[in-house]
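Below you will find one chain, with nothing else, as structure tokens; this is the form predicted on its own, and questions on how it binds or moves follow later.
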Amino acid sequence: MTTRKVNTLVIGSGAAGLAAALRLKTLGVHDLLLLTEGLRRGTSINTGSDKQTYYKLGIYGAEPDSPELLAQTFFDGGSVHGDTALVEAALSVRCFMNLVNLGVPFPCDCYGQYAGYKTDHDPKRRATSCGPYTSREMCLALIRAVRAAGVEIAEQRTVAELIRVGNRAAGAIAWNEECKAFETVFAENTVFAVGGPGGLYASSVYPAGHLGAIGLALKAGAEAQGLPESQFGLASTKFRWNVSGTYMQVLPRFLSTAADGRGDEREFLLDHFKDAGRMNSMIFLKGYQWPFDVRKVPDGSSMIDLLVHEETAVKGRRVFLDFRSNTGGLDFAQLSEEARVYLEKSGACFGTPLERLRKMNPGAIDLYRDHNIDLATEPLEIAVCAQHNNGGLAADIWYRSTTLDHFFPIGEVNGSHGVCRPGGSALNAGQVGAFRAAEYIANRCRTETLDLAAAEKAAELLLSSLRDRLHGNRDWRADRREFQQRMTRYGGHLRPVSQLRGAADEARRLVDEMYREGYPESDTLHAIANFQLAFAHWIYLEAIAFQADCGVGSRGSGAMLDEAGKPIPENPVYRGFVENIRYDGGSVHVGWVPCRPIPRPEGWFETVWEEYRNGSIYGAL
């Protein structure tokens, strides 16, 4: 087994991991390794929407904005720590302009101003985009910069275990797919940028190649926060992609068919709205009210998500978007004022949905054509899918894990977002986390403090246990199907309260069986993924069950259902708290902590300058 030691190990090569590696190198941390399954394997480079949003501080024209106002927007989403919100607001412009300087083509006007538009949960026009592939453009620019900076990159590596010594991280054991062997990297610092839990759900819009790896950190004892706060929404299934924005605003037909995809075709939404004008207005609103939101049922746009779910998950039918002809009874004059004015200003009150889409966003058509789906000749199959985890691992304002020293979770795996977040704020948070973690490491974590002998002993124990689990005969496909279906059924957008404790117990049973019985050595790569995914699904369901037991009720994208299948009203008191959960090697500890308020420092220049010069901004040594 290959063994090496570095000062800083970056795990993951999405937009956050790449930014962290580049920033570390820029700050003089050269003993650095970026470990990844592949530079083109993650969510950031393989995902987007009709007009993928990057959410930032407003910097256009005379509309006032400030870090404190942006932090307040983040905080108002509920179950958000105010100090983290202020950090993500304060570094917003710096991180955005860094991407601009790296060549990400965000649009500006002839005066150099970066215009914005409103997105979901956004009181101002702070959103921007460079098209359907905003995060891909970010990754491509960052990859060029990382390579130019000479960062060492190790691809085809899948992390199997995180090494822990006492209460600190000490590196990782990874599977080298090229050599078909394990290798160990000991590290003074570990930046954990593995993305969201893409492999947890049966119905998922995460790229098929991205599974996530939060389970590794949960098993190692990293505290998590806000795990129940996931986002769900309508997405295409043949090619995984959010059907948000313009895909909805052009008013496609919603078709339901029999399970064969052909028979008994009907435009089922017409049965549930009192008139076509109301139905089409709700379809339009799904564009920028894309995530399922319990506040938007039964009289809002999220009713459409429930109707699609009923057709697919309950009735066993299939649902498609048809852009080739208009919805029944379409009359632009009968639309809500918001929808009508938007389409009028866009010059799109004419033709078919496809013609309107070609007028408003032709790239949205090209995107599907690039993946062998022609919206002009075929309908687009959709479902309600998992899309983003607003929760994740807990960290302080320098993105240090709250329970695991020298461990820095950044990107989607960091749970900073709370219940509701403005669309596109995750891209900002990932860049901010990368900058903050890199800065802290460069200024506080260059000295070697790791007890290498203890780390080697811990790695030996982990590797021995791992190899013992690779001499079994379980079917990894059956196990993955089981936990993914369990998460979609109990951890999705509809959560039956009376069944959640049983679901969590069944999740724990599966984890125990998998660890006890193991998989064939020939299935090593799939086994590694299953071990951490199954562990994660157990911890997620424990967090969801605890939230239900506390009477939090329905909020965000998760509807808690009573015995009659009706949503339980939210108890808004819990918006002022964050749910924390931690595994200590035997037991799960879960509870609530009050949201830390937004700091409002005096900001006297000489004082700030002095604290910056003497390094006290990083905290006590």
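No experiment lies behind these values; they were computed from the predicted model shown. Start at 1 with the first residue shown and count on from there.
The same protein also exists as the form predicted together with a small molecule; that form is not shown, yet it is the one meant from here on.
Discussion item. In the predicted complex, is there a heavy atom of the small molecule that lies within 4.5 Å of any heavy atom of residue 37, even though the partner is absent here?
Written reply: Judged by the heavy-atom cut-off of 4.5 Å, residue 37 is in contact with the small molecule in the predicted complex.
Worksheet item: Is residue 582 close enough to touch the small molecule in the predicted complex, meaning at least one heavy atom pair within 4.5 Å?
Response: Outside the cut-off, so no.
Worksheet item: in the predicted complex, does residue 412 have a heavy atom within 4.5 Å of the small molecule?
Response: Within the cut-off, so yes.
Worksheet entry | Any non-hydrogen atom of residue 416 within 4.5 angstroms of the small molecule in the predicted complex | Looking in the predicted complex, residue contacts with the small molecule do not include residue 416, since no heavy atom lies within 4.5 Å.
Fill in: Location of the small molecule contact in the predicted complex, chosen stretch of 495 to 503, 337 to 345, 357 to 365, 156 to 164 [non-hydrogen atom, 4.5 Å]
Contact criterion met by 156 to 164 only.
Worksheet item: Just one of 210, 436, 126, 286 has a heavy atom within 4.5 angstroms of the small molecule in the predicted complex, so which one?
Response: Flagged contact: 210.
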